[in-house]
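In the form predicted alone, a lone chain appears below as structure tokens.
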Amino acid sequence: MAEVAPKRRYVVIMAGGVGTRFWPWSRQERPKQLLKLCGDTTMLADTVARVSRLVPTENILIVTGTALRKGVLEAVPELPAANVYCEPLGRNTAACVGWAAMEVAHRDPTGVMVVLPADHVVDGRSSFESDVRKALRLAEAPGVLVTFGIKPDSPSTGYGYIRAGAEWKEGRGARKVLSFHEKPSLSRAKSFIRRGNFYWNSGMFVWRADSILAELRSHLPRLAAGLEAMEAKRRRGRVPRAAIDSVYPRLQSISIDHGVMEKAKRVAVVPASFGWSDIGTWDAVGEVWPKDRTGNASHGVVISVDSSGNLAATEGKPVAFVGVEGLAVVDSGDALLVCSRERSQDVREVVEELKKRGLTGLL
């Protein structure tokens, strides 16, 4: 199958998340994707740079929240402002993907979309580009949906899984998807690892705009009807923002995985040859940050006395650990988080408690 022409390729970056597990660094107007967690640039800017050799800049679209528009434009000033689409209210990934597909279809109905989260870490840019090109060629066929699977290195209970079957009929190293499985129990995750044909679900996809819109009409007809009503208002000359604000908040809230991928029939998985992490918690960040000789990961100055396996994330303050293990200490200037690294999934509960107490200045 011939290479998809660059002008027909689009990248849609989903950048509307709130990142509550990264409090206190993550705030309502500076969530995870706008943080510099893994280098000198934001995670969103890293994602844009990762696809810059695959598609023209004008074909990179970002879907985010209205409150994040300024931060997004500051993070990626090279993108046209018109390519940043702001949801008036977050309605999960199916609405986000459907809206972006409508925009791509408006430009090119058979344009092929690469859909990426804004806040993942990818190691091996050349391998990533090669895998994406493979997926683009597969997704050029009408009705084919492609996802990327990550070969598990542990029986993680924090990821969804993909069960792969035989080689995809067009080959290219892809396999047919037999089923999707939500985050499993530990015993079930161990059984997946033993069976060998399971991958972590990366949440990254490739498909033609008309293909995903057809799947939305089939599996999520109410959502599709809402998106089409929004598009019809625009075609009739309504101010685009007014059409979005009146329709979008009423769209069905459901993930693209539950709403479409679990039900679609022609789904292929490309086993990723690149390194990947969704770094969903402070504990996961500690796995990618530099470590001292006793395994303490840090972003800033750390002094360690009989301490190991800790994480320190500060904005200027040195941190001293004495006789402790497995702690995460995160300083944002106006707030300090101290927790065990193994409980870093639960940081979101701090944000909920702040809301209950009315401490909005810390959100």
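If you're wondering where the values come from, they're calculated on a predicted model, not measured in any experiment. Each residue number is its position in the shown sequence, starting from 1.
One more form of this protein exists, namely the form predicted together with another copy of the chain; it is left out here, but the text below deals with it.
Consider residue 29 of the chain shown here, and say whether it contacts another copy of the chain in the predicted complex, taking contact as heavy atoms within 4.5 Å.
Looking in the predicted complex, residue contacts with another copy of the chain do not include residue 29, since no heavy atom lies within 4.5 Å.
Might residue 318 be said to contact another copy of the chain in the predicted complex, defining contact as any heavy atom within 4.5 Å?
Yes, residue 318 sits close enough to another copy of the chain in the predicted complex that at least one of its heavy atoms falls within 4.5 Å.
Interface membership of residue 362, another copy of the chain in the predicted complex, 4.5 Å heavy atom rule
The answer is yes: residue 362 has a heavy atom within 4.5 Å of another copy of the chain.
Using a 4.5 Å heavy atom cut-off, state whether residue 329 contacts another copy of the chain in the predicted complex.
Yes - in the predicted complex, heavy atoms of residue 329 and another copy of the chain come within 4.5 Å of each other.
Contacts with another copy of the chain in the predicted complex, stretch 317-342 (heavy atom within 4.5 Å):
Heavy-atom contacts within 4.5 Å come from 317, 318, 319, 320, 321, 322, 323, 324, 327, 329, 331, 333, 334, 335, 336, 337, 338, 339, 340.
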